[in-house]
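To begin, one chain is listed below as structure tokens, in the form predicted alone.
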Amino acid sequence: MNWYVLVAALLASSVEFVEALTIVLAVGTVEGWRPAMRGTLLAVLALAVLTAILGVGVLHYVPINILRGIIGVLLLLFGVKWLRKALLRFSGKKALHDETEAYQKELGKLQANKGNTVAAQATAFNGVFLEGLEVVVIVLTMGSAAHAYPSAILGSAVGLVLVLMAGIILRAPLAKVPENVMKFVVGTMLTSFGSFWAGESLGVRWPGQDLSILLLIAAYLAASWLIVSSIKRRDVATA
């Protein structure tokens, strides 16, 4: 069991599932649960087919060294995107993500077209498919590069079960989930994994092998803290 991959997949998938749940809940509240569930099931089927196709292609036709290089770049792109947003949020340059606000916004859009079940179903499909697509990419890339598909799949599956259980019990957006912190942690982890595997593909010999991932995570966390502190100090000085 690769615990690094499992934890990263769990956190990353949980964030995406929370956002998908918010959209499905909004559709179900306005138009009923049938179009919400139809859109969700269609998205899940589409993601399953896509995962099967990409998984077979990745495992059988791409050499591992090239694969790790591609995966490293992809994870760096994902990680830097998430990390940049997190830094802007924690430094006060961007509003913190509010799942309740996102839910109300989605409700407003759906209520403006109330009665259009096709559009509601499409909304559920798009929300689940787009958020799920990021989960698929993370699971495939991390599972392939680390030869840890079971860990990546288990992590995302646990994330899905936890979010679904919370959604079924509460039937409300998971506003109390520390999503902003989770995105910051996930951004740091994905950036660290991306750096590690991109470096490996270029011939970098990391000291301690996989333990170097922990050092990279610590380094990115320290750099992030310095950046946030610097931005806040600058804002105070110019106020």
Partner chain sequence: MKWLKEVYDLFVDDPKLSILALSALTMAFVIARAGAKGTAGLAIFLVVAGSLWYSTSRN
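Please read all numbers here as calculations on a predicted model, not as lab measurements. Positions refer to the first chain, counted from 1.
In what follows, reference is made to the form predicted together with the partner chain, a form of this protein that is not presented.
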- Task: May I ask you to check whether Gly203 falls inside a 4.5 Å heavy atom distance of the partner chain in the model of the complex?
- Result: yes
- Is there a heavy atom of Tyr220 no more than 4.5 Å from a heavy atom of the partner chain in the model of the complex? yes
- Task: Check whether Val73 has any heavy atom within 4.5 Å of a heavy atom of the partner chain in the model of the complex, and answer yes or no.
- Result: yes
- Item | Contact flag, Leu88 vs the partner chain in the model of the complex, heavy atom cut 4.5 Å | yes
- Message: Is it true that Arg34, Val118 and Val158, all three, sit within 4.5 Å of the partner chain in the model of the complex, judged by heavy atoms?
- Response: no
- Note on the structure: Assert contact residue (the partner chain, in the model of the complex, non-hydrogen atom within 4.5 Å, options Leu107, Ile153, Leu162, Leu77) equals Leu77
- Though the partner chain is not shown, can you say which of Val185, Val30, Ala198, Ile213 has a heavy atom within 4.5 Å of it in the model of the complex? Ala198
- Message: If contact means a heavy atom within 4.5 Å, which one of 109-117, 95-103, 162-170, 79-87 is the stretch that engages the partner chain in the model of the complex?
- Response: 79-87
- Within 110-126, the residues that have a heavy atom no more than 4.5 Å from the partner chain in the model of the complex: none
